[in-house]
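To begin, one chain is listed below as structure tokens, in the form predicted alone.
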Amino acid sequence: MAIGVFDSGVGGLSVHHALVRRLPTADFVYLADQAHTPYGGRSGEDIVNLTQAGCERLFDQGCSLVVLACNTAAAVALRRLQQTWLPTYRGAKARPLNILGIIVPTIEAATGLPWTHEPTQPVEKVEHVDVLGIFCTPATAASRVYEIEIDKRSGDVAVFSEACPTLARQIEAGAGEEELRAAVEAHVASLSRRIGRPPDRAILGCTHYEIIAALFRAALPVGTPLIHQPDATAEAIALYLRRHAQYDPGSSGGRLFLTTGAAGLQNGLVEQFWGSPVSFDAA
């Protein structure tokens, strides 16, 4: 058995990297749907179908648990797959299977509250609010998942999302540092104009963006905290596995990288982030 990690492309490697550090003996299969990347501009139905196909491929590969290391897939497809597809598929396979996402642990990290927290009375709004900026894909921004779920839990956090339509595609293509820097600075400036000032904290709400986190730190005011999805997700998955022994993560430290796109070495940005060359096999 193994843990599957799914993303539309190379961005999920940031989550995979954190998972490997947190669970070094577990077996992992990473699947990048590079034939259809990026997901951020696709329709909801398209995202659901592509995510389902990716999960099915990873389950067929022997994974018992799949982590959607893609904000767009988690925001748009996760709940629907958990409710309408997975129960039947799990029954047909006759073994424990589950799909988890990265948004729940990110919201827990942003609010300091567990996902199961339910206020006993309406959340009170306060005069001074903590402004949280979300840099994400258009589909994640349109879902308003961060605004909705954080507002349920905390009255002192105001959430503003900044859709970055081309940034994931630029990272996937291995764009140069100056091109990426200009794009990041433009999005930080755009968000700051809409808020009226820079955000107090920020979430890189697309796992691709973690690969260029240094550029976001440089564009934001010095000391602006970044909530890191990979670390929050890795800790959440480790806790989940301790509580749910039916999901076997394996124990041989195996690493398999698959892609629906062109097999082979990934771009220099990925190599720089990972610390060594990363090569994908054909899915």
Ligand code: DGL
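Keep in mind it's a predicted model, so treat the numbers as computed, not measured. Residue indices: 1-based, along the sequence shown.
One more form of this protein should be noted, the form predicted together with the ligand, which is absent from this view; the next part is about it.
Problem set entry | Option touching the ligand, based on a heavy atom within 4.5 Å in the predicted complex, out of Ile134, Ile99, Ala77, Cys206 | Checked against the cut-off, the match is Cys206.
Problem set entry | Heavy atom contact within 4.5 Å of the ligand in the predicted complex, the stretch among 269-277, 6-14, 255-263, 20-28 | This holds for exactly one stretch, 6-14.
For this session: Although the ligand is absent from this view, report whether Ile171 comes within 4.5 Å of it in the predicted complex, heavy atoms only.
Result: No, Ile171 stays farther than 4.5 Å from the ligand in the predicted complex.
Exercise. Ser64 near the ligand in the predicted complex, any heavy atom under 4.5 Å?
Worked result: No, Ser64 sits far enough from the ligand in the predicted complex that none of its heavy atoms falls within 4.5 Å.
Exercise. Hey, in the predicted complex, is Pro38 touching the ligand, heavy atoms inside 4.5 Å?
Worked result: Output for Pro38 is yes: heavy atoms within 4.5 Å of the ligand.
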